[in-house]
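In the form predicted on its own, a lone chain appears below as C-alpha cells.
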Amino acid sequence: MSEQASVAAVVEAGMLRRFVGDLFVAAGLPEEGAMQVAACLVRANLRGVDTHGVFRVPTYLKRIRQGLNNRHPNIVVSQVAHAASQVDGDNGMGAVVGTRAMAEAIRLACETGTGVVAIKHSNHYGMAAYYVLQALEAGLIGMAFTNASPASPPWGGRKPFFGTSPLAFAVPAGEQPPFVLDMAMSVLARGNVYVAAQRGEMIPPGLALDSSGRPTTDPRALIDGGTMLPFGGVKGAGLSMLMDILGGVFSGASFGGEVGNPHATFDRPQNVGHLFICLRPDLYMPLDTFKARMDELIVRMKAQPRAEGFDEILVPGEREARRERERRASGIPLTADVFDKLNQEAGASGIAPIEARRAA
C-alpha cells in the first residue's frame, strides 16, 4: 500500500492536534478529554503509525454522536491491593480512560515499585505505545496489554474470535534510545485493512482468509466476514488468547468474541479491557547502573554483523522516534482521503477547515 504517493497535505502537529480537539469538543466532549484523544491520535501520526492516527476521527465521532461513547464518564479508580488498582472507564473514550489508568499505574509504581492496573468498560484506545510512552516519560518501565474485537481465529479455526490485540513495552536507557515495542498479534494491523479498503487497494497475500476460509488479498472480503491470520501461526494465536485473558477475563471487561468492533458494532458499547503494568527500573540496582546496563546491551546489539540489505541495527521504537522528530519539524503528511474526511467533519461541525500546505 503506497501512502506517500497519495499525500495531499502537510499539517503542523500542534495545529492538527488543536483542530482534532475542536472536532471532539463540537461533538460534546469536555475540552480536557477532547485534547487527550487528539493528543493520542496525533502522536500516532507523528510516529508514523498513521493507521492509529487521525484516520480514526470519523469513526470516533460517529460513535460519540450515536451515544456509544460516554461524553462525561465517571471514571472510578479503586485500589484493590498495595500495588494494584482497577479502573472502571464508564464507557469513556479509550484515550481518556487509558491516560487516567496509566497515571494510576505510574502513581502506584512510584510509591511501591510496581503498579498494576486493570481496566474495564473502555473503548478503542489508539496506539498502544502511547501509554507506555507515558510511563517512559515518568522514568518507568511500562507495559500495556489490551483485548479487541474479533479479527483473528483461534489456531485451527477460520472465523474471527480473538482480537489483533496489540501489546506494548517501554524501557528507559541512558545515552542510547529507549526500547519501545508496540506490536499487534497479526502480521498486518487491522487499521491497514480499513485504509486499503478505503483506497481500493489490495493487501499482501498470506495474511487473511475470506468468509469461506480461503486465502484473500481483498480487504473488503476480509471486512465482510473474513478473518486476519495471527503472526507466527500457533505462536501468535496463543498470544492472542493470552491478550484476551489479561485484557478481558482478568480485568472484568468483555472477552471471548464479545468485544464490540469500533467500525461495525453500532448497537452497543465496546467494553474493551486493558492491563497496564509499571515497574521502577531501580528496584534491584541504582538507576544509573540500570541505564548503563541498558546502554551496554544496546551498544552490543548494534555492533552485531548486519544482514544483507541492512545499513544499521535499530532498537524497537527507534525508527518511530526518528519519524517523530522529522514530523515535528516538517509537519504531518495526510493522504487525500483523510484530509478530505477531516474537512468534511469540520464542515458538519461548523469548524473552519484545517490549514495545511499542499504536498509537492
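For clarity, every value in this text was computed on a predicted model and none was experimentally measured. Heads up: residue numbers just count along the shown sequence, starting at 1. Between two forms, the rigid core is defined as the largest C-alpha subset superposing within 1.5 Å.
Keep in mind that the form predicted in complex with another copy of the chain is missing from the display, and what follows is about it.
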*asked:* For the interface check, one of 125-133, 89-97, 73-81, 218-226 should have non-hydrogen atoms within 4.5 Å of another copy of the chain in the model of the complex; which one?
replied: 73-81
*Though only this chain appears here, would A196 touch another copy of the chain in the model of the complex if you measure heavy atom gaps against 4.5 Å?*
no
*Using heavy atoms and a 4.5 Å limit, would one call A329 a contact residue for another copy of the chain in the model of the complex?*
no
*Would P281 show up as a contact with another copy of the chain in the model of the complex if we use heavy atoms at 4.5 Å?*
yes
*Taking heavy atoms and a 4.5 Å cut-off, does G156 contact another copy of the chain in the model of the complex?*
yes
*Among A38, L46 and E345, does every residue place a heavy atom within 4.5 Å of another copy of the chain in the model of the complex?*
no
*Only one of P269, G252, G139, G174 comes within 4.5 Å of another copy of the chain in the model of the complex by heavy atoms, so just point that one out.*
G252
*What are the residues of 297-312, in order along the chain, with a heavy atom within 4.5 Å of another copy of the chain in the model of the complex?*
L297, I298, R300, M301, Q304, P305, R306, A307, E308, F310
*T216: CA shift of at least 2 Å between this form and the one not shown after core fit?*
yes
*Out of closer and farther, which fits the Cα atoms of P205 and V234 in the model of the complex compared with this form, where the change is 3 Å or more?*
closer
*What happens to the Cα distance from G206 to V234 in the model of the complex: does it get closer or farther than here, with a change of 3 angstroms or more?*
closer
